[in-house]
Each structure stands twice: as structure tokens, then as C-alpha cells.
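In C-alpha cells, one chain follows: the form predicted alone.
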């Protein structure tokens, strides 16, 4: 029998029976719970987020550090504050042209699903054009273009699907080995079936037109441009374990204790916040601290040396990141087990309720 307090909805006199049935239910669900595979899935989720963030950095670096063809980086995850499907980055030039970009670190076998998602986000961006003008740019948008950025080994698949679908997206590819970003290398290696001409030269010209920008100088400047990662460290829609790396990056060590002040986190986020407002930065820092506490990665420290202590015996950044990942995985697994307990409670209460009704007769 499980030593657990039955919920108030359990009929009077049925408490002992509830504990017995609840204990059996929880035992059965725990035996069937595939904990190891769940842990592996969660670690894959961490890797996916890491690669995604890295690809966003690669994609925006040329615009955050320079201004190819006059384009500047404006923000990561535009419209995230509205909780609507949003792109990963927004670029803009003084002539009123904007580029919405989506980073895809991998492309599924059915690339059409990615194209459908891109189309949905494009419609959302178009529907919020006036909001973007007012809240992000302070001027009118005269021309919109849309980009999907991926690693070079996925470029051919998504570029071909885009052109065959007839949607207006331009493919960028990133070669992480050489830290370069390309446009023309993303051109499909074979002609899509929906090109109207049979003349190879005309087909090649049409293919170039479909997968390059309207501003030719931008195509030239982005063809094999040097880029880098590490630009986007704070993305509000990433999973919390990925965002909490900011705490590790901004921490210091006092007498062998890893610790951090709120101001340390605030400064790091501000320096890598990708043009978020001060209010949004403050919200991000609050959420980081509270999430760190929930994961038992951060705790209040009643000490003059710092406001918060990192709950770990490690001090090196790599070790702390691994400790953070382990704590997050444990926290997520415990959440899944808690859900199993809730399911058992709901099921047993329902069964006891039915029996109680039958007893009324």
C-alpha cells in the first residue's frame, strides 16, 4: 500500500482502497515507462537546439558585423512577443526592403513539410506587416523577401523542393567547416520539373532568378562570405536548458564556488540580446533565474560574494554545462513521472466514484 494522501474527491471510507489501487497503478506505469529512451530523446533535443542556435548565428553574422548591400540585422525571432509562428531573424535596409529568415539545421525526408511551415510563417509576417513597421523598423516596408538557411549538405534537397513547389523562398547554405555562407551553391543539381523552357541556358537563367535575391549586389556579397557562430546566445523561444547556458557564461568563481549576480546575467544578455528592448531583457533574466531555481541549478545565496550560487561542485564551464544538461534531463523525467502519478490518481478516483454510485442502489 502506498503512503499517499487521497484527494478530497475520494468517497469517505474508500481511502484505504484508494491507496492500494493507486500504488498498484503507479508501480505498473513505472515498469512500463521507457526512461532510458526518454533520456536519449531529451539529449537529442538539446543537440537540435544547439545546432539551431548555431545556424542562426552563422546566418546573421554578416549582417550583425557589417551591412552587405545595405542590409542590417534587426532582431532574432521577430514577433515572438505575440506568440505567433515567427521567423528566426529579420534583416532590413534603408530602402525599405526586408528579409525574413528561417534556420533549419536539418531537413526531414519530406522537405514539403518544411515548405508548408515556411509558407505559414510567411503569411503571418505579411499579416503583421504594419506591426513590424511600427515596432521594429519605424518606417514602411517596400519589399519583402524570405530565406531558408541550412547546412550545405541539406541545401540541394530544400532548394529543389522550394523551386518545385513554386514558393518564393531563397536558400542560403552554411559550410561550417570553412565558416562560409553561400547562395549560388544552393542551386539544385538537377532541373526541377516545373521550369517552362526546354532550353538548358534559359532553364539555368530561370533557376538562378528563382533562388537569388532581387538585389544583385546582395547575391554577390553573400556568395561565399565569411561568417561565424556565437552571435545568438539568447533566443527566448529555445528550450530553457539552452538558454541557461547564459548563466554558465556569465558566472564567476568565488573561493571555489561558482556563483553569479543578477547584474552579471543582465549584462551578458544585454550584450548578446540581439536588439531586444530593456523590458524584454529584464523579463528574459527573470525567467532564467526562476527556471534555474526550478531545475535546482541556481539557489539564493545568503552571502556577500554573490546573489546566486550555482548548485554544482564543478567550476569549469564545460563541466557546468554538462551538469546543467543532466539536471534538466532529470527534471523533465521527473515531470513525466509526475504526469503518470496524476493519471493514476484520476483513474482510481473515477473507478471509486463508479463503485460508490453502484453502492447507492
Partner chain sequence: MHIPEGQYNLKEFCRVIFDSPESVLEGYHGQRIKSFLYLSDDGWGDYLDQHYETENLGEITKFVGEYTNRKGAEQPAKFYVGEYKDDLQMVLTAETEEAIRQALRPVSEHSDSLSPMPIMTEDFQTMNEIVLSSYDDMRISEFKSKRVPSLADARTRPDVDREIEYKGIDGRDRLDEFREEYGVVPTRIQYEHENVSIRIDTSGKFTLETVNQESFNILFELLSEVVVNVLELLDVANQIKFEKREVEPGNLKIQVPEVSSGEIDFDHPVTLMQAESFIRGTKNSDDLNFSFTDVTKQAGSLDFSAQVTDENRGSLFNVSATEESMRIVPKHNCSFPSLVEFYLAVIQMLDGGAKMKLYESQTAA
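Note that the structure is predicted; figures quoted are calculated from it, not measured. Throughout, rigid core stands for the largest set of C-alpha atoms superposing within 1.5 Å between the two forms. Residue numbers count along the first chain shown, from 1.
Heads up, the form predicted together with its partner chain isn't pictured, but that's what we're talking about next.
Scanning 177, 209, 256, 143 against its partner chain in the predicted bound form with a 4.5 Å heavy atom cut-off leaves one residue, 177.
Just one of 64, 26, 42, 308 comes within 4.5 Å of its partner chain in the predicted bound form, counting any heavy atom, and that one is 64. Heavy atoms within 4.5 Å of its partner chain in the predicted bound form are found in one stretch of 155 to 163, 216 to 224, 99 to 107, 114 to 122, which is 216 to 224.
Shown alone here, residue 282 lies farther than 4.5 Å from its partner chain in the predicted bound form, counting heavy atoms only.
The closest heavy atom approach of residue 291 to its partner chain in the predicted bound form falls outside 4.5 Å. Taking the partner from the other structure, its partner chain in the predicted bound form has no heavy atom within 4.5 Å of any heavy atom of residue 79.
Looking at residue 231, you'd find a heavy atom of it within 4.5 angstroms of its partner chain in the predicted bound form.
Residues 136, 137, 138, 139 are the members of 136 to 152 with a non-hydrogen atom no more than 4.5 angstroms from its partner chain in the predicted bound form.
Core-superposed comparison between this form and the one not shown: the C-alpha position of residue 306 differs by less than 2 Å. Relative to the superposed rigid core, residue 237 undergoes a CA displacement smaller than 2 Å between this form and the one not shown. After superposing the rigid core, the C-alpha of residue 66 moves by 2 Å or more between this form and the one not shown.
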